[in-house]
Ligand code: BMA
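The chain below stands alone, shown as structure tokens; this is the form predicted alone.
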């Protein structure tokens, strides 16, 4: 039995696996938990991230406005299911030592959040002469500080590790281009100060030529530390005759050298099946951005964007994911 390295979270949202259900990840039966119009100006709320905060939960949410402008908003919940989201987007102050130019806004979307040391570190796709990785932090989800962009354009899906690897902060990302990127591999990078990023290492690329992750892959939620390695939930994309289809799968990375892939599943663990995942602004999308974990039970709650329109919640355990990955291994997992 694998063990999650971290804290107990006994009050995390949870539903047991339905009787007779054979798949490794199951949906919350009241999905979607966040509708597209939870705030007055929103067209859609999806691809968002949450963390435990002061005995409850806080998060950073992608809310596309009714003008279809992309921005990120803070939100709060007592139970991780019922959310109150601020009606105005986050306003960043320049982090100490940063010029105010860093806070100039073109667009912001697809945030991730994780607690590193004493800060809640936020990464997102930031518009700066093209998409790159914005980096910021908060202590209280009221005042936010923006650091330098991690990379030059073009990049998406910056996902921090929840602790330093050796002496450095670490991030996964998916280099891209200006548009709806028709390619993508996962890379690892390190930084001594969250300003200067280097030691870029290839992690893995797309799967088989016709498989569910054959078009592009990218990191999903913050990697989960286990006693067997870093459990990474990632998104994979198929280019079907009806357009892109987004699903997610799992892999296991080396605990000390996370660019080394120890194992990777051949099958996806979760994909669009329900109406709210199949139909929306971008059909056929399940896009994971956050997890809550309970170290005592191995439970995992996954927050995911559905059809680029609403936010869903799904459940699994560390053993469910690792067992399924090992039952259906990818023979080309590190390529």
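Predicted model, so just to flag it, every value in this text is computed and none were measured. Residue numbers count along the first chain shown, from 1.
Only in words, not in the display: the form predicted together with beta-D-mannopyranose (BMA), which the text now covers.
Would you check, heavy atoms only and a 4.5 Å threshold, whether residue 216 touches beta-D-mannopyranose (BMA) in the predicted bound form?
Yes - in the predicted bound form, heavy atoms of residue 216 and beta-D-mannopyranose (BMA) come within 4.5 Å of each other.
Contact between residue 246 and beta-D-mannopyranose (BMA) in the predicted bound form at 4.5 Å, heavy atoms?
It does: once beta-D-mannopyranose (BMA) is placed as it appears in the predicted bound form, residue 246 has a heavy atom within 4.5 Å of it.
Answer for residue 174 alone: is it within 4.5 Å of beta-D-mannopyranose (BMA) in the predicted bound form, judged on heavy atom distances?
Contact check for residue 174: yes, within 4.5 Å of beta-D-mannopyranose (BMA) in the predicted bound form.
Quick one: does residue 294 come within 4.5 Å of beta-D-mannopyranose (BMA) in the predicted bound form, counting heavy atoms only?
Outside the cut-off, so no.
Of 217 to 225, 109 to 117, 257 to 265, 196 to 204, which is the one stretch near beta-D-mannopyranose (BMA) in the predicted bound form, taking non-hydrogen atoms within 4.5 angstroms as near?
Selected range: 109 to 117.
Within 4.5 Å of beta-D-mannopyranose (BMA) in the predicted bound form, do we find a heavy atom from each of 62, 287 and 308?
The answer is yes; 62, 287 and 308 each reach beta-D-mannopyranose (BMA).
Check each residue of 26 to 65 against beta-D-mannopyranose (BMA) in the predicted bound form and list those with a heavy atom within 4.5 Å, in sequence order.
Heavy-atom contacts to beta-D-mannopyranose (BMA) in the predicted bound form: 46, 47, 62.
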